[in-house]
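Next up is one chain by itself, shown in structure tokens, the form predicted on its own.
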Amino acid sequence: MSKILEVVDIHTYYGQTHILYGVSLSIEEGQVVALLGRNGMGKTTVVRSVWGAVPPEKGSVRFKGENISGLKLYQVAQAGIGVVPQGRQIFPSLSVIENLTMAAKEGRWTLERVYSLFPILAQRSNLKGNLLSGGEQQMLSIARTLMTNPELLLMDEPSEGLAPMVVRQISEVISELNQEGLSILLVEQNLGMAMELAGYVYILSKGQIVYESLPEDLEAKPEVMGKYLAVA
């Protein structure tokens, strides 16, 4: 199986502040990879570095074998990378259907298909984004990204702030997307959800990858989980 994403020894800064120190990770086609770690360790910066929002100053990001470091955000999106950002970032003054169609790209993910994945959005199609519940806004954020028909999905804390029942729904959707062959980088604080979905895991601490393995191997190492994930 070929690698769809390769992050190679990236160093990323916010201004003068060095955030990522030589981070490397990869995702094979059709794989879910979870990036774990406590808050403030640089996980969102990894996503933003891949996406191009905060380009790394050293190292490279390769998508389908091509170096995409330095591309503009719209070029990264056109290449086939979709982002479900932390905090949802839907357009609150636009309706559900406007949010979904404004950046849509032709492909297998159509309005009909995302509505079948999230039936509640079909019922809310004419409501403005700011009138949706938190769970519905997260569903809209995922659906809007699918409408760009990405080959790789970057998901930054998709379960954050959601009720357990909604977290279960989101988890089932991610599993379904993966079964359809979508490659996913999942940044997630919900350890149970991440371990259930991922085929491979990386742990980030203080801007560096400190551990990587299959999920079941990590589960067998409580000392690693306790040290880096605050799990006893």
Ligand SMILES: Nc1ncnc2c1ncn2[C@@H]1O[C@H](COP(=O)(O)OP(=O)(O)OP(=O)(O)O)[C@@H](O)[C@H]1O
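Throughout, we count residues from 1 along the sequence that is shown. Note that the structure is predicted; figures quoted are calculated from it, not measured.
There is another form of the same protein, the form predicted in complex with the named molecule; it is not shown, and what comes next is about it.
- A residue is said to contact a partner when one of its heavy atoms sits within 4.5 Å of a partner heavy atom; Gly40 meets this definition for the named molecule in the predicted bound form.
- Proximity of Ile19 to the named molecule in the predicted bound form falls within the 4.5 Å heavy atom cutoff.
- For Glu136, no non-hydrogen atom is located within 4.5 Å of the named molecule in the predicted bound form, even though that partner is not displayed.
- In the predicted bound form, the named molecule lies within 4.5 Å of some heavy atom of Gln189.
- Think of it this way: in the predicted bound form, the named molecule has a heavy atom of just one of Thr110, Thr148, Ser125, Gln86 within 4.5 Å, and the residue is Gln86.
- The stretch among 63-71, 163-171, 42-50, 195-203 whose residues place heavy atoms within 4.5 Å of the named molecule in the predicted bound form is 42-50.
- In the predicted bound form, not one residue of 125-146 has a heavy atom within 4.5 Å of the named molecule.
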